[in-house]
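Quick heads-up: it's one chain on its own, the form predicted on its own, in C-alpha coordinates.
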Amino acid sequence: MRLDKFLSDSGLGSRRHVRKFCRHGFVKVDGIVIKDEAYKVEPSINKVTYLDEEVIYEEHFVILINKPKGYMSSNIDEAYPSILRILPEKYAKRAVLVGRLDVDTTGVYLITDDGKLANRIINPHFGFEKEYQARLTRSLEEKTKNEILLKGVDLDGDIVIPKKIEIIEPDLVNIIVSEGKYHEIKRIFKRYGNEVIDLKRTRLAYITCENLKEGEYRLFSEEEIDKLRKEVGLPSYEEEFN
(Lines give C-alpha, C1' and ligand atoms only; values in the text may rest on other atoms or scores of the structure.)
Protein backbone atom coordinates (compact mmCIF):
# COMPACT_ATOMS: atom_id res chain seq x y z
CA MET A 1 0.00 0.00 0.00
CA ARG A 2 1.24 3.51 -0.79
CA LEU A 3 2.26 5.62 2.18
CA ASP A 4 -0.08 8.48 1.26
CA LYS A 5 -3.03 6.09 1.08
CA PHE A 6 -2.12 4.70 4.49
CA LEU A 7 -1.95 8.18 6.02
CA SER A 8 -5.12 9.48 4.37
CA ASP A 9 -7.16 6.37 5.20
CA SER A 10 -6.03 6.74 8.81
CA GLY A 11 -7.68 10.14 9.06
CA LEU A 12 -4.51 12.24 9.05
CA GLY A 13 -5.75 14.45 6.22
CA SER A 14 -6.44 14.60 2.50
CA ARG A 15 -4.00 13.07 0.04
CA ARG A 16 -2.69 16.52 -0.77
CA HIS A 17 -2.02 17.29 2.87
CA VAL A 18 -0.37 13.99 3.78
CA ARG A 19 1.96 14.26 0.78
CA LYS A 20 3.18 17.57 2.17
CA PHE A 21 3.77 15.90 5.53
CA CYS A 22 5.96 13.33 3.80
CA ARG A 23 7.94 15.90 1.82
CA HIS A 24 8.63 17.92 4.96
CA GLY A 25 10.05 14.86 6.69
CA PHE A 26 7.30 14.53 9.30
CA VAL A 27 6.64 10.86 8.52
CA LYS A 28 8.73 7.84 9.49
CA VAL A 29 8.39 4.19 8.62
CA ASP A 30 10.05 1.87 11.12
CA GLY A 31 12.00 4.81 12.50
CA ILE A 32 13.31 6.04 9.13
CA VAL A 33 12.16 9.33 7.58
CA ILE A 34 10.35 8.63 4.31
CA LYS A 35 9.72 11.57 1.97
CA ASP A 36 8.39 9.52 -0.94
CA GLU A 37 4.59 9.44 -0.68
CA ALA A 38 4.51 6.39 -2.99
CA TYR A 39 6.66 4.34 -0.62
CA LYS A 40 5.07 0.93 -0.04
CA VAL A 41 4.02 -0.01 3.49
CA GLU A 42 2.28 -3.01 4.99
CA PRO A 43 -0.08 -1.96 7.83
CA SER A 44 0.29 -5.25 9.69
CA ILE A 45 4.11 -5.15 9.56
CA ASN A 46 5.42 -1.57 9.37
CA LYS A 47 5.20 1.03 12.13
CA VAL A 48 4.32 4.44 10.70
CA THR A 49 4.65 7.63 12.75
CA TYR A 50 3.74 11.26 12.18
CA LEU A 51 5.76 13.70 14.31
CA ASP A 52 6.89 10.61 16.24
CA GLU A 53 3.29 9.64 17.13
CA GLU A 54 2.22 6.23 15.83
CA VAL A 55 -0.45 6.32 13.13
CA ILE A 56 -3.03 3.55 13.48
CA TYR A 57 -4.27 2.48 10.08
CA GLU A 58 -7.99 2.47 9.34
CA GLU A 59 -9.52 1.82 5.95
CA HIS A 60 -12.13 4.07 4.41
CA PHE A 61 -15.49 2.84 5.60
CA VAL A 62 -19.10 2.63 4.55
CA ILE A 63 -21.58 1.75 7.28
CA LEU A 64 -25.14 0.54 6.74
CA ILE A 65 -27.52 1.36 9.60
CA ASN A 66 -31.09 0.25 10.05
CA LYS A 67 -32.08 3.66 11.37
CA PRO A 68 -34.51 3.63 14.30
CA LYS A 69 -36.97 6.36 15.18
CA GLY A 70 -35.84 9.14 17.49
CA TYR A 71 -32.48 9.89 15.84
CA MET A 72 -31.65 12.85 13.62
CA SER A 73 -29.61 12.65 10.43
CA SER A 74 -27.21 15.20 11.88
CA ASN A 75 -23.58 15.28 12.99
CA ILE A 76 -24.55 16.82 16.32
CA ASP A 77 -27.33 16.40 18.85
CA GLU A 78 -30.14 18.87 18.23
CA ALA A 79 -33.78 18.40 19.21
CA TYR A 80 -33.05 14.65 19.12
CA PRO A 81 -29.80 12.67 19.44
CA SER A 82 -27.55 12.38 16.39
CA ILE A 83 -27.58 9.13 14.43
CA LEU A 84 -23.83 9.03 15.12
CA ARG A 85 -24.53 8.06 18.73
CA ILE A 86 -25.18 4.55 17.44
CA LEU A 87 -21.58 4.24 16.19
CA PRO A 88 -18.25 3.85 18.01
CA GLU A 89 -16.36 7.13 18.33
CA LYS A 90 -13.62 6.05 15.91
CA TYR A 91 -16.22 6.10 13.11
CA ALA A 92 -18.40 8.93 14.37
CA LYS A 93 -15.52 11.43 14.42
CA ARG A 94 -14.85 10.88 10.70
CA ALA A 95 -18.43 10.41 9.56
CA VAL A 96 -20.06 11.91 6.49
CA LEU A 97 -23.83 11.42 6.43
CA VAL A 98 -25.29 10.20 3.15
CA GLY A 99 -28.41 12.33 2.81
CA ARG A 100 -31.15 12.69 5.40
CA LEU A 101 -33.98 10.68 6.90
CA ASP A 102 -36.57 12.35 9.14
CA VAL A 103 -36.36 11.71 12.85
CA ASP A 104 -39.47 9.50 12.68
CA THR A 105 -38.38 7.62 9.53
CA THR A 106 -36.67 4.24 9.83
CA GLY A 107 -34.69 1.97 7.54
CA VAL A 108 -31.74 1.98 5.17
CA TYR A 109 -29.18 4.68 5.95
CA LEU A 110 -25.52 5.00 4.94
CA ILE A 111 -22.61 6.71 6.68
CA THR A 112 -19.08 6.92 5.27
CA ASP A 113 -15.89 8.93 5.68
CA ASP A 114 -15.70 9.63 1.95
CA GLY A 115 -17.35 12.93 1.07
CA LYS A 116 -16.98 12.43 -2.67
CA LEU A 117 -18.73 9.07 -2.50
CA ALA A 118 -21.50 10.46 -0.29
CA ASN A 119 -22.17 13.37 -2.65
CA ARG A 120 -22.44 11.09 -5.66
CA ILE A 121 -24.83 8.69 -3.96
CA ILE A 122 -27.30 11.50 -3.22
CA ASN A 123 -26.81 13.22 -6.61
CA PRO A 124 -29.99 12.68 -8.70
CA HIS A 125 -27.74 12.36 -11.79
CA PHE A 126 -26.86 8.82 -10.73
CA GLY A 127 -30.53 7.90 -10.28
CA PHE A 128 -30.26 5.80 -7.13
CA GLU A 129 -33.75 4.48 -6.45
CA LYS A 130 -35.15 4.94 -2.96
CA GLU A 131 -37.95 2.59 -1.98
CA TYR A 132 -40.20 3.33 0.98
CA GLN A 133 -43.07 1.66 2.78
CA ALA A 134 -45.59 4.25 3.93
CA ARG A 135 -48.54 3.83 6.28
CA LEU A 136 -51.25 6.40 5.57
CA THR A 137 -54.06 7.86 7.66
CA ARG A 138 -56.61 6.64 5.14
CA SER A 139 -56.87 4.36 2.14
CA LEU A 140 -55.16 5.27 -1.13
CA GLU A 141 -57.60 4.90 -3.99
CA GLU A 142 -56.42 3.20 -7.18
CA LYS A 143 -57.60 6.24 -9.13
CA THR A 144 -55.43 8.56 -7.00
CA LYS A 145 -52.43 6.27 -7.36
CA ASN A 146 -52.77 6.25 -11.16
CA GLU A 147 -53.14 10.02 -11.25
CA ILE A 148 -49.93 10.50 -9.24
CA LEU A 149 -48.03 8.15 -11.56
CA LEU A 150 -49.45 9.73 -14.71
CA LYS A 151 -49.36 13.44 -13.90
CA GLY A 152 -46.92 13.66 -11.02
CA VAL A 153 -47.20 16.04 -8.08
CA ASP A 154 -46.23 19.72 -8.01
CA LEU A 155 -43.83 20.24 -5.10
CA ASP A 156 -42.99 23.94 -4.98
CA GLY A 157 -42.79 24.23 -8.75
CA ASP A 158 -41.11 20.90 -9.45
CA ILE A 159 -43.22 18.11 -10.91
CA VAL A 160 -42.27 14.89 -9.14
CA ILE A 161 -43.37 11.57 -10.63
CA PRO A 162 -42.69 8.46 -8.52
CA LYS A 163 -41.26 5.53 -10.46
CA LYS A 164 -43.73 3.12 -8.87
CA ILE A 165 -46.53 2.99 -6.30
CA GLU A 166 -47.86 -0.37 -5.13
CA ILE A 167 -50.84 -0.65 -2.79
CA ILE A 168 -50.06 -3.41 -0.27
CA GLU A 169 -53.05 -2.78 2.00
CA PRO A 170 -55.69 -0.04 1.61
CA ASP A 171 -53.62 2.31 3.81
CA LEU A 172 -50.14 0.79 3.23
CA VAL A 173 -48.09 1.45 0.08
CA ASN A 174 -44.67 0.86 -1.39
CA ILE A 175 -43.38 3.88 -3.30
CA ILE A 176 -40.17 4.26 -5.32
CA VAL A 177 -38.59 7.66 -6.07
CA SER A 178 -35.19 8.65 -7.39
CA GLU A 179 -34.75 12.31 -6.51
CA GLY A 180 -34.98 12.38 -2.72
CA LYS A 181 -36.43 15.86 -2.25
CA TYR A 182 -37.11 17.28 1.21
CA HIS A 183 -40.02 15.38 2.85
CA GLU A 184 -40.84 14.12 -0.64
CA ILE A 185 -43.00 11.11 0.27
CA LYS A 186 -44.98 12.97 2.93
CA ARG A 187 -45.58 15.93 0.62
CA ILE A 188 -46.73 13.75 -2.28
CA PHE A 189 -49.54 12.19 -0.28
CA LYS A 190 -50.39 15.39 1.57
CA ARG A 191 -51.29 16.96 -1.79
CA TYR A 192 -54.15 14.47 -1.88
CA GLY A 193 -55.28 15.09 1.69
CA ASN A 194 -53.53 12.03 3.07
CA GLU A 195 -50.93 11.92 5.84
CA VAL A 196 -47.99 9.55 6.25
CA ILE A 197 -48.04 8.26 9.82
CA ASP A 198 -45.21 5.73 9.49
CA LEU A 199 -42.38 5.69 6.96
CA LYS A 200 -39.60 3.18 6.40
CA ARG A 201 -36.93 3.24 3.70
CA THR A 202 -36.60 -0.37 2.60
CA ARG A 203 -34.06 0.05 -0.20
CA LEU A 204 -31.42 2.46 -1.51
CA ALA A 205 -30.46 1.36 -5.03
CA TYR A 206 -29.63 -2.35 -4.44
CA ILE A 207 -28.90 -1.90 -0.71
CA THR A 208 -31.30 -3.26 1.91
CA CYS A 209 -31.00 -3.80 5.65
CA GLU A 210 -31.11 -7.56 5.19
CA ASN A 211 -31.16 -9.08 8.69
CA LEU A 212 -30.29 -5.92 10.59
CA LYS A 213 -32.71 -5.02 13.36
CA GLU A 214 -33.59 -1.37 13.98
CA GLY A 215 -30.60 0.31 15.61
CA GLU A 216 -28.10 -2.25 14.31
CA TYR A 217 -25.34 -1.53 11.79
CA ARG A 218 -22.65 -3.28 9.81
CA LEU A 219 -19.53 -2.31 7.89
CA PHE A 220 -19.34 -2.83 4.15
CA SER A 221 -16.62 -5.16 2.96
CA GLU A 222 -13.90 -3.89 0.63
CA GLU A 223 -15.67 -5.59 -2.27
CA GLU A 224 -18.97 -3.92 -1.40
CA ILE A 225 -17.29 -0.51 -1.23
CA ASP A 226 -15.61 -1.05 -4.59
CA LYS A 227 -18.99 -2.00 -6.11
CA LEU A 228 -20.66 1.09 -4.66
CA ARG A 229 -17.90 3.37 -5.94
CA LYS A 230 -18.19 1.79 -9.38
CA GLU A 231 -21.95 2.48 -9.39
CA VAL A 232 -21.23 6.23 -9.09
CA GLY A 233 -18.29 6.33 -11.50
CA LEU A 234 -15.44 6.24 -8.99
CA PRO A 235 -12.42 3.90 -9.11
CA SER A 236 -11.62 1.55 -6.26
CA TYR A 237 -9.33 3.05 -3.62
CA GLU A 238 -6.51 0.79 -4.76
CA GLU A 239 -6.86 2.08 -8.33
CA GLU A 240 -7.13 5.67 -7.15
CA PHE A 241 -3.84 5.54 -5.29
CA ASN A 242 -1.82 3.62 -7.89
Ligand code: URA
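No experiment lies behind these values; they were computed from the predicted model shown. Residue indices: 1-based, along the sequence shown.
We do not show the form predicted together with uracil (URA), though everything after this point is about it.
- Partner proximity in the predicted complex, defined as non-hydrogen atoms within 4.5 angstroms of uracil (URA), places exactly one of 55-63, 184-192, 209-217, 40-48 at the interface: 184-192.
- Relative to uracil (URA) in the predicted complex, residues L101, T105 and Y132 are all within 4.5 Å by at least one heavy atom.
- When uracil (URA) is considered in the predicted complex, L204 lies well away from it, no heavy atom lying within 4.5 Å.
- Among heavy atoms of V173, none comes within 4.5 Å of uracil (URA) in the predicted complex.
- In this stretch, 194-213, the one residue having a heavy atom within 4.5 Å of uracil (URA) in the predicted complex is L199; the partner itself is omitted from this view.
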